[in-house]
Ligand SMILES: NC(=O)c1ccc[n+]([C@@H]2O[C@H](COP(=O)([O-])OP(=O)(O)OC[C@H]3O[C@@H](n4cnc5c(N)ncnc54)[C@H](OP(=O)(O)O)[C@@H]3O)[C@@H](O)[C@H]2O)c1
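Encoded as structure tokens, the following chain is the form predicted on its own, with no partner shown.
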């Protein structure tokens, strides 16, 4: 099976490539890597060219403009990169008979429900910011391309094939015709220096140097998700053969930003005074949802993804090595 990954040079793209290299169905040469300048979200013809050239069986579209605040400052560019480019990729895949796995976000939901309940694949969306609006538009563009091509689309898990998003209702084995899967995720971590735990450790170093308390947002809730776990989940879904539908792929155990920050500090052995503050205390261009917690959908194995605390424990040695390298704050 020829599997291509767009955005292969990004954090998630690299994790996907690594996971696919270990997947027996990806073949002896591993995944096809699409990255700039070969594949550029700003180029309307790029998707058609790379799909026609490489003839993949499956495309994992991980390329996106994920800078939430930058999207708020330039919403037209956000729509180009996160919506129009997705539509082009979906049309190219559907036209070539290739399956598509589109990576999307929890921010398509407004986050106004109880964090303990979480959003399922069939729940009503309601984006609050330009990034989320562009990502939801990308989902809709992919569905429209699939509807036009007559393939098995991302509504399957929420419709007759899969009531309540139950993957057991999906047909076993590979299906006839191209499939569309939308994989929503949230709060990705796993690349020291670029993720939330690393930023918290850097902020802790600055707070200690200045003799101030580290401010932590206590009223924003989400589902931290380890990049390696997400990549493995996507690979498992592809390997199962029948995967059309909307999947919520996050580590279990929703937490507040403040609680997650304290986990990172404890695992890294960094001691600093902290204080809880409300989300509105930070002035920023983009408004994130208060509690866009995703309710996990089971993997083909029938098991959900593991608790984020277990993933954080596995990630801790990388964080500590990052600190020891001098890139982060001293303890």
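Bear in mind the structure is a predicted one, so any value in this text is a computation, not a measurement. Numbering follows the first chain given and starts at 1.
Note that the form predicted in complex with the named molecule isn't included here; everything after this is about it.
Mind telling me which stretch in 119-127, 184-192, 210-218, 238-246 gets its heavy atoms within 4.5 Å of the named molecule in the model of the complex? Checking each option against the 4.5 Å cut-off leaves 184-192.
Answer option from 291, 26, 305, 62, heavy atom within 4.5 Å of the named molecule in the model of the complex: That would be 62.
Which one of 105, 179, 198, 251 is close to the named molecule in the model of the complex, taking close to mean a heavy atom within 4.5 Å? Residue within 4.5 Å of the partner: 105.
Contact flag, residue 40 vs the named molecule in the model of the complex, heavy atom cut 4.5 Å: Although the named molecule is absent here, residue 40 would touch it in the model of the complex, with heavy atoms inside 4.5 Å.
is_contact(residue 66, the named molecule) in the model of the complex, heavy atom dist at most 4.5 Å: Yes.
Just to confirm, residue 19 within 4.5 Å of the named molecule in the model of the complex by heavy atoms? No - in the model of the complex, heavy atoms of residue 19 and the named molecule never come within 4.5 Å of each other.
is_contact(residue 12, the named molecule) in the model of the complex, heavy atom dist at most 4.5 Å: Flag for residue 12 set to yes.
Can you list, in sequence order, the residues from 80-102 that come within 4.5 Å of the named molecule in the model of the complex, counting heavy atoms only? The stretch touches the partner through 81 alone.
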